[in-house]
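The chain that follows stands alone, in the form predicted alone, written as structure tokens.
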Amino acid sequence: MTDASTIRNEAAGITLTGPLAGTRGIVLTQAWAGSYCTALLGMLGADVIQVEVRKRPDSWRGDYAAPIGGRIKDVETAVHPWNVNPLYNSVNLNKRCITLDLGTPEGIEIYRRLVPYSDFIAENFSPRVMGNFGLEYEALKAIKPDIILASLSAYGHIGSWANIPGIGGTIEPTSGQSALLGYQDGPPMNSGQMYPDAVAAFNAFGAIIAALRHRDLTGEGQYIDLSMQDANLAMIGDSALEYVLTGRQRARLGNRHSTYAPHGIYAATGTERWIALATETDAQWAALCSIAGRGWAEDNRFVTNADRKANEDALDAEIAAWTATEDRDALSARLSAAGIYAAPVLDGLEVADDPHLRARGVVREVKHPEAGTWAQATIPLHFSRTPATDVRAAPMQGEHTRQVLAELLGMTDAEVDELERSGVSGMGPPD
């Protein structure tokens, strides 16, 4: 890493700002976990160069023949479906993209020539792939001794499950999360959001930063073997430890809390309008009773928190009857102002327009050359000494191949033309 918080890359025509300015990753990430991890590094100022293979396009770019859907189809510049997929464009901000066919000797050789210009490499293939390419950690280390390689896989590169494929939807049950999700009288459930991918991404993000710091202090690179299952088990570590020590499986609680009541999500006026609220203290409960004006403070069933937990069904019914007469946003504001935990339950479009997230700069309008201008979630961190202010749209497939190969390897246009002619590089569907 570098002490400079701003690096101007004249050849690339970009300014890199943030605490990782001056570092570079030449990465092989795809879909969500790996791509989001490396996008976060890019939003801290790292020069992240994503290597993609045209024969096997990133699944989040989508199929070459897929129609352009949603509101994007109405954008005049939206021509190539693989460049305008909102999934891909949401998790690949602040990157450059080159294409190389790693199934060819030429593609592998060029990638190996790029390794010395990299501080870190990240990939989220199944465990066998990097070895098949001849790009396993020992091979990369022979090229650049202080290289950092982060491998994100479903179950890690060692252990009896190492070669079992997995995605977020399968990691939820195998990490134990699904056992805790659901209602008391119902079966285990998945979140429906592929939540484990984001958890793995943030874990790998932190691990790579720690490895960069370790390298700066010691000169040593290292290999990071990240298991999505392990990362997500850690998110429910208290429940897992309870089971190991006592043999008890914690019950599913729906939206309730193991200790406090009330704690839930309640319907407000209108269609699919919900409010989340909870109290932890007697003072918060008293404030809720005062605002509701329903006589709960005098109800013997609800005097103490223990009373409220013992009569939680009745309590939830009382609160639901009240919130059903209230406006979601107005009630949330009143409760929050009184020190009660409360918030509106927002859908995806409402989150994108949330005033707080906008004011914090977490959600920003980002202009993409093909997809147009859309709200994107950026990094939820602010830095006082090394501001990370640069936000660039996700790259189009192969957009920076000529730029990067010329900048780092000194390759000429004629040499890149030959790579495209032979199918090693290029843009869009292979011939």
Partner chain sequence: MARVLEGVRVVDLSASTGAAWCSRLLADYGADVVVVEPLGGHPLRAIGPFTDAGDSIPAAYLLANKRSVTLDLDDANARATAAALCRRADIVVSSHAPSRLAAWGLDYATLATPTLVMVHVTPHGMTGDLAEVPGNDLTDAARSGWASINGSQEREPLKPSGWQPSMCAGTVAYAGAVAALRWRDGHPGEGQEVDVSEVEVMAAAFAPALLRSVYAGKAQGRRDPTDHLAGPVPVQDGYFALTISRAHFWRDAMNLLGLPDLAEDPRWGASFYRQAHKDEYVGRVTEAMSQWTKMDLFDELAVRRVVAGPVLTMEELRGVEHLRERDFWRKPADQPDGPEYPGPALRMNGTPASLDRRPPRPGEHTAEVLDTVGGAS
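Positions refer to the first chain, counted from 1. This one's a predicted model, so the numbers in the text were calculated from it and none came from an experiment.
Keep in mind that the form predicted together with the partner chain is not shown, yet the notes after this line are about it.
**Student:** Which one of Ala162, Ala310, Ala314, Ala292 is close to the partner chain in the model of the complex, taking close to mean a heavy atom within 4.5 Å?
**Tutor:** None of the others qualify; the residue that does is Ala162.
**Student:** So the partner chain isn't shown here. In the model of the complex, which residue out of Tyr111, Trp82, Tyr195, Trp296 has a non-hydrogen atom within 4.5 Å of it?
**Tutor:** The residue in contact is Tyr195.
**Student:** Can you say which of 103 to 111, 317 to 325, 227 to 235, 296 to 304 gets within 4.5 Å of the partner chain in the model of the complex, counting heavy atoms only?
**Tutor:** Only one stretch passes the 4.5 Å heavy-atom test: 227 to 235.
**Student:** Would you check, heavy atoms only and a 4.5 Å threshold, whether Ser175 touches the partner chain in the model of the complex?
**Tutor:** The answer is yes: Ser175 has a heavy atom within 4.5 Å of the partner chain.
**Student:** Is there a non-hydrogen atom of Pro395 within 4.5 angstroms of a non-hydrogen atom of the partner chain in the model of the complex?
**Tutor:** Looking in the model of the complex, residue contacts with the partner chain do not include Pro395, since no heavy atom lies within 4.5 Å.
**Student:** Going by a heavy atom distance of 4.5 Å, is Gly206 a contact of the partner chain in the model of the complex?
**Tutor:** Yes - in the model of the complex, heavy atoms of Gly206 and the partner chain come within 4.5 Å of each other.
**Student:** I'd like to check something about Arg96: if you look in the model of the complex, is any of its heavy atoms closer than or equal to 4.5 Å to a heavy atom of the partner chain?
**Tutor:** Taking the distances in the model of the complex, the answer for Arg96 is no, it never comes within 4.5 Å of the partner chain.
**Student:** Determine the residues of 258 to 287 with a heavy atom within 4.5 Å of the partner chain in the model of the complex and present them in sequence order; the list may be empty.
**Tutor:** Those in contact are Ser258, Thr259, Tyr260, His263, Gly264, Ile265, Glu272, Trp274, Ala276, Leu277, Ala278.
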